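The form predicted on its own is given below as one chain in structure tokens.
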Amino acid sequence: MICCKECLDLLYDYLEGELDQETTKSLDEHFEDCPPCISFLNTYKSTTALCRETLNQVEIPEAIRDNLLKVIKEQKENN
């Protein structure tokens, strides 16, 4: 059974469909029984969608975009 901390750690990969079926099923089961996590999931989805929408409307200078992508990649590798 997945605990809330694991749920949060796996959230990005869960939403991107990058988890194996067993882990995805465990998360789905956790969400069914944990209102705080489902609330966080819904907020995370909304925030992500809003950010993507906003970023698609704003032109980011290439140097800043490259640095941002580098930081995101490093964070993902470290987690």
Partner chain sequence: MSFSQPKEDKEIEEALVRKFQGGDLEAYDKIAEIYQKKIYGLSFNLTRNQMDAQDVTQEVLLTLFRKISMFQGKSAFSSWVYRITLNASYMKLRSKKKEPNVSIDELMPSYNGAGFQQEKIQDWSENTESLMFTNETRDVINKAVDLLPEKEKVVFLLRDVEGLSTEKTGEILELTVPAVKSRLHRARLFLRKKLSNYFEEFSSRKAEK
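So that the term is clear: the rigid core is the largest set of C-alpha atoms that superpose within 1.5 Å between two forms. Positions refer to the first chain, counted from 1. Please read all numbers here as calculations on a predicted model, not as lab measurements.
Omitted here: the form predicted in complex with the partner chain. The next part is about that form.
The partner chain is not drawn, but in the predicted bound form it has a heavy atom within 4.5 Å of Arg65. Under a 4.5 angstroms non-hydrogen atom cutoff, the partner chain in the predicted bound form has Gln57 among its neighbouring residues.
When contacts are judged by a 4.5 Å heavy atom cut-off, Glu22 does not count as touching the partner chain in the predicted bound form. Looking at Glu53, you'd find a heavy atom of it within 4.5 angstroms of the partner chain in the predicted bound form. With contact defined as any non-hydrogen atom lying within 4.5 angstroms of the partner chain in the predicted bound form, the contacting residues in 30-56 are His30, Pro36, Cys37, Ser39, Phe40, Asn42, Thr43, Tyr44, Ser46, Thr47, Thr48, Leu50, Cys51, Arg52, Glu53, Thr54, Leu55, Asn56, given in sequence order. Relative to the superposed rigid core, Thr54 undergoes a CA displacement of at least 2 Å between this form and the one not shown. In the core-superposed comparison between this form and the one not shown, the C-alpha atom of Asp9 has shifted by less than 2 angstroms.
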